[in-house]
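Okay, here we've got a single chain as structure tokens, the form predicted alone, with questions on binding and movement later.
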Amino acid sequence: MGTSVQMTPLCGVYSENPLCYLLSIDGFNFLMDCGWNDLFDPNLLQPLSRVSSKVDAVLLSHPDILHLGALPYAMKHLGLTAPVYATEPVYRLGLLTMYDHYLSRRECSDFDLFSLDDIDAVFQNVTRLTYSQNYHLTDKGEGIVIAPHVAGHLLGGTVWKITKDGEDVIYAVDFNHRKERHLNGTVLESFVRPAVLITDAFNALNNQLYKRQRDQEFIDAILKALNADGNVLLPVDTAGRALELILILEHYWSQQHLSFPIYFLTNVATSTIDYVKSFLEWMSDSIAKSFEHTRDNAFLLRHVNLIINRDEFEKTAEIPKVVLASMDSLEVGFSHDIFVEWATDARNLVLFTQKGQFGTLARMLQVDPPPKAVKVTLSKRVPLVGDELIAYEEEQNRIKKEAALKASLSREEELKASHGSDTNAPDPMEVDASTSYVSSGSGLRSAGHLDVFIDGFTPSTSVFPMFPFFETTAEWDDYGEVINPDDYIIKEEDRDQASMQILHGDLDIKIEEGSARLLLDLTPSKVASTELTVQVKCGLTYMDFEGRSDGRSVKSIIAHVAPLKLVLVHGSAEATEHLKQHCAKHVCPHVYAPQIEETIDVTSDLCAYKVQLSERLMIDCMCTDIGDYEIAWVDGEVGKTDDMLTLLPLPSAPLPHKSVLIGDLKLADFKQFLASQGVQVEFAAGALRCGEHITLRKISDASQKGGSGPQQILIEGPLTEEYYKIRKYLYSQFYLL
């Protein structure tokens, strides 16, 4: 039978919640994304907590909070221990995204769901892959091959192809077919007839403007506010769609020689751009070619200034400016504080480029009509002073004394155990506690080996008074002195210092001094919060720069891919049902849209068998090279050899077979080839007119959706010398078998 495939949504179906799905292929469990929202609501992760221990591998598709935000929490609290796979940009930019969220949360709350060490622990174990790299799993996943492909939504964004026994399972969420300034479009259309396609319905009901019109409206809205002496705030993510916006602004400012300042404000802005500069091979072809010819790096920014703390931003000139600030939800971070400050001025503009998550301030401001006033909480971490500082220091001293006491007792117990195991060691001097008098302020303990008491000390009559001394005798074996492995374990404080060195050394992440103090716990502090009502007088505008294919394109791409079975996730209930009905009618009859924790079986109806080729059959094969492969026509019969299905030669000579042409002809490419051969050629009414009398038409089987059936190329014209010449050129475009 076919490869067994089951899929269970854990979050992100019939809603716009974060993405997280359990995909089981022949008993091997993949966790497809592990997202969280900007509110960090643990209730969303309850379904994940019930299956996290069963996960065998985690595949990450994009470097934003919706696709990987829950990883640190899941590995710390939910028992997730599986290896993680991602592309290099998803690894690097995802790490920066988590740092930015952590620092933003710590600045305004006592955030303790995960720590910086938890983030480091997750990303240090990520296996990084390149696009189109086939990675063969081992052990339990033997026979399964995973490969990342271009998604086109975020830098390094991935469409995952999982192959087992010749059947493909495609996981493609948040893809974009459009080529943008810094990204190529998705390659999803290159996959034809996969066994299962898992995709999202997020934009199924949305249609987009043309790119040039959208970009112009974006620039016009910004310039209108700036020319009216207003400021423009763009709430953005840390290292995702913000990159496209930066390039748009950088290009237009250079083209028009504008002087309005632009600021990119996140806790890791400098590190983000530094890394992006080194990811040119992951970007669009135009950026790569420009760098090859002129050595001009698109992210060598001349008009966008990078700022990593609020103090530096407040020192900027009081003139109209554009600020791209994290977070895009307006819940926390620099964008939240700047919005509160600028919202009361009618000259200012808040321009949203992404749909806000449900329950966030950004989503509240995107409704039509927007609210005239909103309640917000301003929180800031401030140093402790006065009685609070004294109480904090006393508590810390008490904790340190308890820790020291515990460590001392532990050492003494170890010492006792080591001497107890040495039969040749002299007995330690015993002190009779009943005849020893210790003052209450001496600080000595009445357990373990005690110091000699000066006042009231009465030694045993069997020994002379002396200070306690124990001679440690080393144990030896055939290989030398026996060592204690615990002596070589890195201490906790050394590990913390190493983590901080990794933070500031290997990653070279620049963060504000206040955040650094939070991480190192150098200054006792607390969070001071103030609730206030903000009158929203500024302009509020939403423009779609999310970088996802719109509804019309999604339907066209799915129809072209023509999967045998289709699973829809991540989208509103209305959008999911709309796309489900459309695909069931026009794409394939097997369309699924499961609920949370509903397991669906999407096992292929095809039967697959493993057959080995016998040596006698291989000797007679005439193989033809096709790219990286060799193919041959084989006539044989199936038999059994050592309980294995084996393809054996026929007992009699096989009948000759018809010639088979292998390849995929595109008329546009063939037109260029004929022109290079000196043939006059042009398109006319969907056909290729060659010379004066010959016409080529490409006909596909209408019963095969997506054009996956065998191609038929019709040559029309009189049997002249020109006809045979064109036919010869046509045959040269195929492999003959």
Partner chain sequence: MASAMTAPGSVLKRKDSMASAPVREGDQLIVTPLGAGNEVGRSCVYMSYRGKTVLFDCGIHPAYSGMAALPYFDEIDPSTIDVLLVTHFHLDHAASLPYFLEKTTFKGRVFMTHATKAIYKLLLSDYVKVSKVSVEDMLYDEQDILRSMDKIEVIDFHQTLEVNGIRFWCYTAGHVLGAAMFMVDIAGVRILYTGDYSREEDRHLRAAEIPQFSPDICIIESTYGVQLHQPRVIREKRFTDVIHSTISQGGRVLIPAFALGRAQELLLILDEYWSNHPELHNIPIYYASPLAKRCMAVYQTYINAMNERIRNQFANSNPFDFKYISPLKSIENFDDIGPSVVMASPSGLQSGLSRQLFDKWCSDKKNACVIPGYVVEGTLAKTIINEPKEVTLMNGLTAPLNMQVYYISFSAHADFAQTSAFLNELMPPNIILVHGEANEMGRLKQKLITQFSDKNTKILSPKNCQSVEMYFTSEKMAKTIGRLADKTPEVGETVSGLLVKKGFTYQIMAPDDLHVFSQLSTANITQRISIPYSGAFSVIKHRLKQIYESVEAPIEEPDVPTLIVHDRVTIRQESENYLTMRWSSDPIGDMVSDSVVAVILNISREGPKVTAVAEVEKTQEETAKMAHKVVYSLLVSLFGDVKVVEEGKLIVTVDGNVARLDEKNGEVECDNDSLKERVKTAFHRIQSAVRPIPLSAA
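Keep in mind that what you see is a predicted model, and the values were worked out from it rather than measured. Definition used throughout: the rigid core is the maximal C-alpha set that superposes within 1.5 Å between two forms. Residue numbers count along the first chain shown, from 1.
We do not show the form predicted in complex with the partner chain, though everything after this point is about it.
Q: Given a 4.5 Å cut-off on heavy atoms, tell me which of 397 to 405, 95 to 103, 291 to 299, 338 to 346 is the interface stretch with the partner chain in the predicted bound form.
A: Of the options given, it is 291 to 299.
Q: Please run the contact check for Ala228 against the partner chain in the predicted bound form: heavy atoms, 4.5 angstroms, yes or no?
A: Output for Ala228 is no: heavy atoms all beyond 4.5 Å of the partner chain.
Q: Residue-level question: is Ala528 within 4.5 Å of the partner chain in the predicted bound form, judged on heavy atoms?
A: Output for Ala528 is no: heavy atoms all beyond 4.5 Å of the partner chain.
Q: My question is simply whether Gly663 lines the interface with the partner chain in the predicted bound form - judged by any non-hydrogen atom within 4.5 Å.
A: Gly663 belongs to the contact set for the partner chain.
Q: Whether Lys585 contacts the partner chain in the predicted bound form should be assessed with a 4.5 Å heavy atom distance threshold; does it?
A: Lys585 lies outside the contact set for the partner chain.
Q: Pick from Ala317, Ile390, Ile619, Leu532: which residue has any heavy atom within 4.5 angstroms of the partner chain in the predicted bound form?
A: The residue in contact is Ile619.
Q: So which of Gln712, Gln677, Ser53, Gln680 gets a non-hydrogen atom within 4.5 Å of the partner chain in the predicted bound form?
A: Spelling it out, the residue with a heavy atom inside the cut-off is Gln712.
Q: Can you tell me which residues in 121 to 145 come within 4.5 angstroms of the partner chain in the predicted bound form, by heavy atoms?
A: The stretch 121 to 145, when checked against the partner chain in the predicted bound form, contributes Arg128, Thr130, Tyr131, Ser132, Gln133, Asn134, His136 at the 4.5 Å heavy-atom cut-off.
Q: Is the shift of Asp215 between the shown form and the other one large enough to count as movement, that is, does its C-alpha move by 2 Å or more after the core is superposed?
A: No, because once the rigid core is superposed, the C-alpha of Asp215 moves less than 2 Å between the shown form and the other one.
Q: After core superposition, I'd like to know whether Leu258 moves between the shown form and the other one (criterion: C-alpha shift of 2 angstroms or more).
A: No, because once the rigid core is superposed, the C-alpha of Leu258 moves less than 2 Å between the shown form and the other one.
Q: Rigid core aligned, does the Cα position of Phe670 differ by 2 Å or more between the shown form and the other one?
A: Yes, Phe670 moves 2 Å or more.
Q: Please say whether the CA atoms of Asp628 and His177 come closer or move farther apart in the predicted bound form, knowing the change relative to this form is 3 Å or more.
A: Closer: Asp628 and His177 approach by 3 Å or more in the predicted bound form.
Q: Comparing against this form, do Asp628 and Val145 have their CA atoms pulled together or pushed apart in the predicted bound form? The difference is 3 Å or more.
A: Farther, not closer.
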